[in-house]
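As a starting point, one isolated chain is supplied in structure tokens, in the form predicted on its own.
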Amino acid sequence: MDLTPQEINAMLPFVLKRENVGRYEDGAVVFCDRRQYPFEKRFMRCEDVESVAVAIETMVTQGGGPWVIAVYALALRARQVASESSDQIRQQLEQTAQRLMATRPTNTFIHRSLKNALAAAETALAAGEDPEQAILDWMEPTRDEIYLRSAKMGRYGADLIEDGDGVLTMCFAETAFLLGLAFAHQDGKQIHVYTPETRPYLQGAKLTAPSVHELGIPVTLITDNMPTYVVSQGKVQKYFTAADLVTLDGHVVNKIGTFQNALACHYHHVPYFAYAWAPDPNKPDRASIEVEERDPNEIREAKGVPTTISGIDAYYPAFDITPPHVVSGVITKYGILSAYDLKRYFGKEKPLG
């Protein structure tokens, strides 16, 4: 399979196309407002770092989007402080990176990406070159590599899918998962996708279901408390998700609800596969994971409409942790690996991003 990044991009649904996930336009960061999709194809244009950080925190973009716009925000800041001394630029970029890292404590890919972009800027500053351009020069081939890796992983996933399979997912598993479905569909396999709605931001309803539908694949929307019943009916033969974080010892961190679905699948002998760019070498085990806890007000409403009274207590951990013994495999650039074997492949590798 020798697809170019441009050919891969053409295969993807609207919300995952490269230019819609995020782009840099003459000192501004532009990206699709996923809160409005699929009812509106609205874009946000940010010309300062804080507005990018707030957009990440308020779920204007999710999944693979935050790291992209965070790196572009770092380039934006480099442009804004270009007239200052090298030491002042270094300080400003470090402060910017720390602000952007704080937006996503669990998904550490944004942290690693910003550190690599900072390193590119530092190399440029030491050579008397433009740090803004250095960040962009690092970013574009990195995005190319991610698209190529996603296609490879998608091919591995497609080969796991059998003709007639029902596929369960959770939240919005993004590029590798959608490419896996697209490849399976191209192979002539008849598949049917089941996606929970994903409260409280409804990514499954607003992003996953329309994207699968756009690929021409049958998709059924279910509520978050239906997967166990649907699996018990024999409608599901494979369960795939993305992973916001994977530890070196094989714990998979993903949108809250992933673990309970994995338990249901494990009980009913349905395999669970997680797509992962790479485990985080700085996260060796479960104890090293920081699970983001969001404002409980977010689960007292749906799309701005209150669902209970304000005096009721609420709790909103945004992610859960699936232990390796219920993970059938982790889909990586190396192939489909045991969750227990990730350290051997990735433990000494410099991670992408």
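Numbers for residues come from their place in the sequence shown, where the first is 1. Here the structure is a predicted model, which means the values were calculated and not measured.
The following text describes the form predicted in complex with another copy of the chain, which does not appear among the structures shown.
In the model of the complex, another copy of the chain lies within 4.5 Å of some heavy atom of Pro38. In the model of the complex, another copy of the chain sits within 4.5 Å of a heavy atom of Ala205.
In the model of the complex, Asp224 approaches another copy of the chain with a heavy atom inside 4.5 Å. Contact between Ser288 and another copy of the chain in the model of the complex is not found at the 4.5 Å heavy atom cutoff.
Heavy atoms within 4.5 Å of another copy of the chain in the model of the complex map, among the stretches 313-321, 23-31, 42-50, 65-73, onto 313-321 alone.
Highlighted residues Ser83, Gln88 and Arg99: none comes within 4.5 Å of another copy of the chain in the model of the complex, counting any heavy atom. Taking a 4.5 Å heavy atom cutoff to another copy of the chain in the model of the complex, the contact residue among Ile135, Ala209, Ala274, Ala184 is Ala209.
With contact defined as any non-hydrogen atom lying within 4.5 angstroms of another copy of the chain in the model of the complex, the contacting residues in 274-308 are Arg286, Val291, Ile299, Arg300, Ala302, Lys303, Val305, Pro306, Thr307, Thr308, given in sequence order.
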